[in-house]
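Okay, so here's just one chain, in structure tokens, the form predicted on its own.
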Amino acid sequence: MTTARKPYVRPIDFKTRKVDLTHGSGGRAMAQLIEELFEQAFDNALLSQRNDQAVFEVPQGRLAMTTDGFVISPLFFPGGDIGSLAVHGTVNDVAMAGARPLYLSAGFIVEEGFPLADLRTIVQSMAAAASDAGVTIVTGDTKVVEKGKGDGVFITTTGVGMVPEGVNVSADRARPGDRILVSGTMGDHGVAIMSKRENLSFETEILSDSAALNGMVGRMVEAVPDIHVLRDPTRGGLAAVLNEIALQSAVGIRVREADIPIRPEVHGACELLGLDPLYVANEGKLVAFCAAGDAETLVEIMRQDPLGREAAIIGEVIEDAQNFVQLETQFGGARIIDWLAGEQLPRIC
């Protein structure tokens, strides 16, 4: 009995080689890259079948599905990289339906000349993030574009999860009297990215908050199945999320500046950079809307999680035909938190 010889025998030298066009050609080099990098990192029974799709069973019930693209610059930043961010962002989008994320797909668009060592670091980071979040990357795709026609690596993802029985989380369910909660400090991710881009240094290093929130969300919906709204305040930050929900639910929102947790170093960096922390992106925080009687229960659940220790109730939903978002300032006044005009922080995720 003989064993079929693989079309390639010499292992890839990840330390010195760079991506070239053959890695996306569909030939031997591409097959070797998939086997020695992606299959080893994302190892699971579905992926190892090497089909152009993954066929899997899911529990009976409703599915939640999301898709996302990641073009962040720089690719590596304090607290994470594009690989872990791609997993966290997709897992969180599924979790914001109150769902339990199950499976991910991942598509890579890689620029010719990109160091294979960096690609391996990104893929391994992605695999570790998926393992920590309890999800499986079951299918994917790799494309290579000519040098100068990309920017290192772009990643696209799709996530699928199951919504538990009795859970109905949606951005149109906020009601007057609801309390508004956040799971922690605002603006950490965006300021971490800008500090890296601008080569800024602070007495305390500002790290991205990039993290998977599905574990905390699972405990929240188990305790309070009737959470009205969940949203992760990514691009546009807390301000964008509040305006979106006010419009979709046809309500007004009033929040208290003094109750919104923001790290002093993030405040200082925003002043230096001319940014408003309410509009700065987060990648490991959530905003929740719930009935007033459930607010303290949810805050306590969040605070018991390492990712929610600084959770707070920051405001409430009010009746307002104009759907305004109002901020009660620390000086006793009030101002409107309007929609973001333009792009405050491009390529933040």
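Throughout, we count residues from 1 along the sequence that is shown. No experiment lies behind these values; they were computed from the predicted model shown.
The protein also exists as the form predicted in complex with a further copy of the same chain; that form is not presented, and the subsequent description refers to it.
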query: The unique member of Asp141, Asp118, Asp226, Asp276 whose heavy atoms fall within 4.5 Å of a further copy of the same chain in the predicted complex; finding: Asp141
query: Contacting member of Ala106, Ile122, Ala211, Leu238, with respect to a further copy of the same chain in the predicted complex [4.5 Å, heavy atom]; finding: Ala106
query: Contact stretch among 157-165, 201-209, 266-274, 214-222 - heavy atom within 4.5 Å of a further copy of the same chain in the predicted complex; finding: 157-165
query: Proximity of Ala292 to a further copy of the same chain in the predicted complex, heavy atoms at 4.5 Å; finding: no
query: is_contact(Gly134, a further copy of the same chain) in the predicted complex, heavy atom dist at most 4.5 Å; finding: no
query: Residue contact check: Ala127 to a further copy of the same chain in the predicted complex, 4.5 Å heavy atom; finding: no
query: Non-hydrogen atom contact Ile313 with a further copy of the same chain in the predicted complex at 4.5 angstroms; finding: no
query: Sequence-ordered residues of 57-76 touching a further copy of the same chain in the predicted complex, heavy atom within 4.5 Å; finding: Glu57, Val58, Pro59, Gln60, Gly61, Arg62, Leu63, Ala64, Met65, Thr66, Thr67, Asp68, Gly69, Val71
